[in-house]
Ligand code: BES
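The data below hold one chain only, encoded as structure tokens and taken in the form predicted on its own.
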């Protein structure tokens, strides 16, 4: 468990240093000189020094870094994973006093937040072994801010890690109401299946048809200001389980698909933080919720869907469902509420993983100022995004003979992440908008990440929360 503040009882410490002389205790200095010398090919080391006094052992986790630039660059890929492993091996309480160091506020915050990520455990369905406590002290940051981001990270990851039998459109509605209904300045609107059809939200309605759980578009308004209007709208894809529909996913891919609502979880996590810290600007969050399953009622390839903005879409593949529900939600939110800036986020394409792997999300839109702000912050926060071009000629591959366009490209090998972004661009008019595809960074279901551990990472909740606070 990770805690805030100092502990007089705990003697074990984590100590960062660049030069051995930075360590105050002579025996630590000597150990650092001998055992932690950095060769030319080494940027850092993490080692344990056990000090025995009066029959008692005090452990020091020593973290040597070549310079602050190296520490920042490799914080999430080397230094903190090594600290995490050492803490788990020792399984003892430790203290990290960041007041010792002249690190920037941003670096201290990242150390604190990433340690929250690294020490998170999802143990609801198993006996949890006795763990350890890590105390973090940092007088430059309010305790309430740290507690808010910790709660929001845990909330986001818990939601994605729950089994699909526990998370469906109905249970998500109940969970959202339980968490947010009693919060100050919050209003929740739920548009259910019959009203979805009446409002021409047919992308959401059609993707739902194979499931017994009714679809929903949940709209959460956070209104700390009395004046009308919303500075930001966050729209998060919420496919609570994605079988692929009639274009059924094969074994090895379907097993990860409880994570297909990771961006719904991320925007809810960001909202949770903004409410906790009493953010001052009006905000609207939209979460379209469906299951994409197979039944006699499920939508099929070659179906034609007339979307909310009255454009018709030929279903070329039922496994390209996320863009259909996002498109409806985007068009509806812009039409009804006219937010100043829209950020839509989704685990949208496997091609994103091919292009950028599982550490970097794809960012797309034509507003370079907004793109650059988000990209710069993302690298500072270790929730990295990289811009892909919305190259309009690629949209030609989505032409249809029987509808305005199809929901997938007709090319076998093609930049599908970009074409998905181009598809969504047909449903938004404003230039103040960003689209993020986080299929890779959202969850590491097939392997164990050395920092985040197995399963959902919670990627995006923190990025969105801090971006909105700072802009």
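Numbering follows the first chain given and starts at 1. Keep in mind that what you see is a predicted model, and the values were worked out from it rather than measured.
If you look for the form predicted together with the ligand, you will not find it shown, but the lines that follow are about it.
None of 300-308, 347-355, 71-79, 225-233 except one has non-hydrogen atoms within 4.5 angstroms of the ligand in the predicted bound form; the exception is 347-355.
A single residue from the set 280, 317, 372, 171 has any heavy atom within 4.5 angstroms of the ligand in the predicted bound form; that residue is 317. Contact check for 195, 216 and 291: none of the three has a heavy atom within 4.5 Å of the ligand in the predicted bound form. Although the partner is absent from this view, residue 323 contacts the ligand in the predicted bound form, with a non-hydrogen atom inside 4.5 angstroms.
Contact between residue 242 and the ligand in the predicted bound form is found at the 4.5 Å heavy atom cutoff.
For the chain shown alone, residue 199 is not a contact residue for the ligand in the predicted bound form, no non-hydrogen atom being within 4.5 angstroms.
Contact check for residue 186: every heavy atom lies farther than 4.5 Å from the ligand in the predicted bound form. In sequence order, 249, 257, 260 are the residues of 246-284 having a heavy atom within 4.5 Å of the ligand in the predicted bound form; the partner itself is omitted from this view.
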